[in-house]
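A single chain, nothing else alongside it, follows as structure tokens in the form predicted alone.
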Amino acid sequence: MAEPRAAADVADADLGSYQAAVRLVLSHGLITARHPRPGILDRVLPWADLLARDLRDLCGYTLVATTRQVRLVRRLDGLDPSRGRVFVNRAGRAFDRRRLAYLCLVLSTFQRSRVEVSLTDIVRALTPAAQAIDGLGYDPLQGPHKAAVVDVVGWLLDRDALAVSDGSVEAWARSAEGDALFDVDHDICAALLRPARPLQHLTGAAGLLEDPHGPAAARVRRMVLERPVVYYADLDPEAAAVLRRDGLAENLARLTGTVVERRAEGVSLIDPSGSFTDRPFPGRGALARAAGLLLGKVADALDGGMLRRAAGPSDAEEQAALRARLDKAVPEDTLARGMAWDLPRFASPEVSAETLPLVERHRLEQMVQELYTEFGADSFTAAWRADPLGLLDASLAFLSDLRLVRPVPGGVLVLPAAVRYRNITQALPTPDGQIGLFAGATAQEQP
């Protein structure tokens, strides 16, 4: 079957604008008048019809667009823990399980709510539902419980699902007399939770995923768009053959305005603008800088022949383990057994015979200590100044999300794409706040 040509009806002069709209839709999933920023919706809506056609033909996605929102309904081929970063409070802290549960329960109450509802009414509806769940509950005298409600309401306000018409959330949080009155946008609330199938019909997390035996081309296109890197070793033979085919990745590059990077091990779309990712790398910030410096240390160890090779779990094995962990939490008593979904048969995990360089934990700790000595603890910001091991853990999680390393017991395996950054150099801020032009040199060393 011929590859559907992306942006086929877009004039060359408009291609950049169209590609920017594609990146915005793929990056944010939900776009409203204020989310992620004012003005974004107006940039996407003119391209809504073409976007819907391209994303459907290439990936099987559904784009729902109205004058007030654009929602991309994805098809998922695997579980991606990094997607949980969508759920953060206004301080950037990730939602814990209590907040995620409250969010689902609050959204469920809106199905029966009026257009206008007070925060007191929301909590009144939330309480019995939360009390019915072992280990959850809601107690108005518990500060952490009220803080979780505040974070959930803030998340909904930021996405225009709620709008304050009177009072304030802060007043409700401070005292029992305070309250807030909201206008509810039921269309946006309905768009926020769009599972692939009714959750009561699922006996396992695999029911949220696409059939692994579905069309390989659409599956591969989704992987190339959604993953930082797609390795041939992580694919079944049919999908790997599709990825090696001329034109598929290049067509996605035309769709998104990115650059295809092909290596012996796999394919990646590189976005020089850094706007097609929630985790730009290389980038500014203590975490991105530390991760880059750590990769430099790893590259030095690799060049020096100091790393032994080891085999780790394959991508299929990691997915199977993650599904098994999630399935343990399935509430058996709420399942509609008579309507249970027939879970797709996933291919048996194949253990890759390929071994990868292993960096043991003690060597990683030594590397981060060396970085603190070389650059000074203050250069890693106040948050990490006295916590090098915390910064190490956060850096490794960051690199794992980018599929540059794979955590294993006792250390990490270095994935092939990490070599792309072996020559990365750092430009440290100078005392006047400017970035030095001479990478790696301190302000005093610059001519």
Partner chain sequence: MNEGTGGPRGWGLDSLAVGDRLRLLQFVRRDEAGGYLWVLRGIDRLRSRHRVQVGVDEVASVLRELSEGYEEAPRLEGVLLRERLDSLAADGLLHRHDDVSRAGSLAGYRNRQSVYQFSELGYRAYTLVEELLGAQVHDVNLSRLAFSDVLEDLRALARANRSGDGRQVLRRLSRLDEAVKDMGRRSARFHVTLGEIVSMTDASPELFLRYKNALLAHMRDFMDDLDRYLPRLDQAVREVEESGVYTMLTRAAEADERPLLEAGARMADWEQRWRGLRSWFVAGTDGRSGVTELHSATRTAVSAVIALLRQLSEAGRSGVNRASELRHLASWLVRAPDEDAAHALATAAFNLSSARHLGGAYDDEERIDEGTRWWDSPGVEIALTPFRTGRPAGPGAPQPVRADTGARAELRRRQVAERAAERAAARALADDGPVGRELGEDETRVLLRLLTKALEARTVISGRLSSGTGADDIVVLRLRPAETGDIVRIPGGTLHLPGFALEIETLERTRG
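Positions refer to the first chain, counted from 1. The structure displayed is predicted, hence computed values, not measured ones.
As for the form predicted in complex with the partner chain, it is not shown, yet the points below apply to it.
Next item on the list: Have a look at Val149, Val224, Leu119, Val359 for me and say which one sits with a heavy atom within 4.5 Å of the partner chain in the predicted bound form.
Entry: Of the candidates Val149, Val224, Leu119, Val359, Val224 is the one lying within 4.5 Å of the partner chain in the predicted bound form.
Notebook entry, point to check: Here the chain is shown alone; which of Tyr372, Tyr138, Phe281, Trp172 has a heavy atom within 4.5 Å of the partner chain in the predicted bound form?
Noted result: Comparing distances to the partner chain in the predicted bound form, the residue within 4.5 Å is Phe281.
Next item on the list: Using a 4.5 Å heavy atom cut-off, state whether Arg254 contacts the partner chain in the predicted bound form.
Entry: Output for Arg254 is no: heavy atoms all beyond 4.5 Å of the partner chain.
Item checked: Heavy atom of Ala320 within 4.5 Å of the partner chain in the predicted bound form -> No, Ala320 sits far enough from the partner chain in the predicted bound form that none of its heavy atoms falls within 4.5 Å.
Next item on the list: Report whether the minimum heavy atom distance between Arg194 and the partner chain in the predicted bound form is within 4.5 Å.
Entry: Taking the distances in the predicted bound form, the answer for Arg194 is yes, it comes within 4.5 Å of the partner chain.
Notebook entry, point to check: Even though the partner chain is not shown here, does Ala205 get within 4.5 Å of it in the predicted bound form, heavy atoms only?
Noted result: Looking in the predicted bound form, residue contacts with the partner chain include Ala205, since a heavy atom lies within 4.5 Å.
Check: When the partner chain is placed as it is in the predicted bound form, which of 211 to 219, 173 to 181, 141 to 149, 226 to 234 ends up with heavy atoms within 4.5 Å of it?
Finding: That would be 226 to 234.
Item checked: Whether Leu79, Arg97 and Ala129 all lie within 4.5 angstroms of the partner chain in the predicted bound form by heavy atom -> Verified in the predicted bound form; spot residues all in contact, yes.
Next item on the list: Residue by residue through 313 to 327, tell me which have a non-hydrogen atom within 4.5 angstroms of the partner chain in the predicted bound form.
Entry: The stretch touches the partner through Leu322, Arg325, Leu326.
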